[in-house]
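The form predicted on its own is given below as one chain in structure tokens.
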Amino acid sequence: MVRRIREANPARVLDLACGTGVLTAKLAALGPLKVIGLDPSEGMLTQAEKRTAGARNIYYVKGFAEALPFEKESFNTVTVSYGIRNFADRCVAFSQIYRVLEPDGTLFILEFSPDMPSWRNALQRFYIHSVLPVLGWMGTGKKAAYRYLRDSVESFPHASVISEELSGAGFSVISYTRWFPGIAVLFIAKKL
């Protein structure tokens, strides 16, 4: 995702649902650009500020994707990494993202999105049900959080539905690419 963002020549980046600032820090390291991380959680923003302390090109704002506190056409790049599953209203959020993107701006979304049920995606289901919760629990000790992750991934719509929602918000060029084992999807949408 970061490689694709670099290719888009970002200058003013909004990292939505920035959480603890992992992606925000990687974006800020791409060069002389301004990055704003937005998240509704004060606790996450506190962790993000600690992670990126000393970075002069990162700013954090508390807020929701459905009511972005920015002027029209404020950014040329918007990113969301594993956050749209938690948006209260994706369609409203996509409309807000469209509003704050300048013409020819790009939206990058990395998200878990299972493929249509078939015998070929048995590996996806196994990964979601068995591997993901165990890895999360072992890494954090938080079993309930990874059960939520499993359930939210399973109930998330197919990538084609997200593409339709982005189109409905006004985005013109929309593509998505599945990454092994097919559960992670990178969406790229343009405002023309």
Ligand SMILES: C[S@@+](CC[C@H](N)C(=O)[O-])C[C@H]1O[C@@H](n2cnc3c(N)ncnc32)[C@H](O)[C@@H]1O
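The first residue of the sequence shown is number 1, and the count goes up from there. These numbers were taken from a predicted model, which means no experiment stands behind them.
Omitted from view is the form predicted together with the named molecule, to which the following refers.
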property: Heavy atom of Tyr82 within 4.5 Å of the named molecule in the model of the complex; result: yes
property: Val173: touches the named molecule in the model of the complex, heavy atom cutoff 4.5 angstroms; result: no
property: Touches the named molecule in the model of the complex: Pro40 (any heavy atom, 4.5 Å); result: yes
property: Exercise: Phe70 in contact with the named molecule in the model of the complex, heavy atom 4.5 Å; result: no
property: The named molecule: the contacting residue among Ala65, Ile36, Leu166, Ala159 in the model of the complex [heavy atom, 4.5 Å]; result: Ala65
property: Residues from 11 to 26 in contact with the named molecule (non-hydrogen atom within 4.5 Å) in the model of the complex; result: Ala17, Cys18, Gly19, Val22, Leu23
